[in-house]
Structures are given as structure tokens and as C-alpha cells.
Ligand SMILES: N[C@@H](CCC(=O)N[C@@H](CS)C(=O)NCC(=O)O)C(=O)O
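As a starting point, one isolated chain is supplied in C-alpha cells, in the form predicted on its own.
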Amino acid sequence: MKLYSSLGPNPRLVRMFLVEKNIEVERIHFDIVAGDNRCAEYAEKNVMQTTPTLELDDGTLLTESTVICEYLEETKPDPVLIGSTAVERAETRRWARRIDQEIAIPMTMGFRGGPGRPMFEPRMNVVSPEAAAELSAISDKHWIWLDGQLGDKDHICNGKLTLADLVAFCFIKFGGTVGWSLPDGTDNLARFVAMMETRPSAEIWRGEE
């Protein structure tokens, strides 16, 4: 298998998932700042020209980070990162979706239209600076909500490490790379991050890429 990867929370989410699964793949890194992924050759693999993309040995191409993680879970169920039962899988997917839609999407849209505007505006539609600030504020509010849901638990759901934990951790770490930090009132998430930092898969975030 080959993983077409880059900077950013979604490629690193898949890379962390691979480490947690003890799966090795060939990795092809794109410099998205330079626009390496905006080429015709890559567009043939991923029409959206986003990362990550997982190319299977038979040439099948999978895109979208959670889709790739779902595939990896099905093909290598141990260790379990989504769920051992239908209820566990539903719970993990519910929390991963909540974090993605309610926190990650406004967070990334706010960044693209705000601090990241010089990079993203020439390449895609971005919201106005005013809307970007509002989206960032919404995301921060939902981080505080998630902190309350986490409480004194070590993991977001199922009482063990799941995809939902990895999604939350990756977007918190992404924020740290662009000058953002957890808002006040998120001591539980700060504790969660410190715990996640001890996992070998967190080494993904300490590299230069």
C-alpha cells in the first residue's frame, strides 16, 4: 500500500492510526505549501487533490481520512480502534462525527479564512475574515463543550482508545502548529492531550513534516 500524505491533521490522523495498528505502508509526502498536490497526476488519483489518499496493492484508491481508517480497521481488526461490537462502533462513529462536524470543520474554515488566508485564498473559496473569526469562536465554544463531556475520563468513548480520541488529538495538535491553543476552561482536554502525547503514535507530530 501507498499513502499519499502531507502536513495537516487528516494525513497525520491516518498515520497515527497506522502506527496504532502496527501497519507499515510506503509513504509519499507532498509539500502542500508549495502546491505539490495540485498536479494533474495526483488529480487522477484523487479528484479533490486533497490528502491523504491510500492506494491499495490492486490500484484501488481510498480518500477521506475516516474512510481510510474504517478500511484499515476492517482489514486488520486487532488492535480494535473503532469497536468490537455494533454498539461500540456506533458510539465511536458518533463521537468522531461530532468532533469532525462541530469542532474540526469550523476550526479549519476559520483558519483558512483567517490566519491561513494568504495560503488558501488563491487555491480555494474561503469565508470572509469576519466569518472566519465567528467560526473560530464557535469551534472554541465546542472544544469547551467536549471538555465537559470528557470530564475525568481518559478517553472520549468506550472506555478505551478509539478513532474519536485520535481525531480530537490531531485537531488539537494541528491548532498548535498554527498558533492556536485550547481555550480557557479545557483542563480535562489538556490532561487528555498530555496522556496522548505519551503514545508512540504521537511521534508523528514531532517530525518536521
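Numbering starts at 1 and runs along the sequence shown. Keep in mind the model is a prediction, meaning the values are calculated, not measured.
Keep in mind that the form predicted together with the ligand is not shown, yet the notes after this line are about it.
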| said: For the interface check, one of 180-188, 143-151, 162-170, 29-37 should have non-hydrogen atoms within 4.5 Å of the ligand in the predicted complex; which one? | reply: 29-37
| With the partner left out of view, is residue 86 within 4.5 angstroms of the ligand in the predicted complex by any non-hydrogen atom? | no
| Is the gap between residue 76 and the ligand in the predicted complex 4.5 Å or less for some heavy atom pair? | no
| query | Looking at the partner-bound form in the predicted complex, is residue 94 within 4.5 Å of the ligand by any heavy atom? | reply | no
| query | Would residue 7 sit within 4.5 Å of the ligand in the predicted complex, counting heavy atoms only? | reply | yes
| said: At 4.5 Å, heavy atom to heavy atom, what parts of 84-118 sit next to the ligand in the predicted complex? List them in sequence order, or say none. | reply: 112
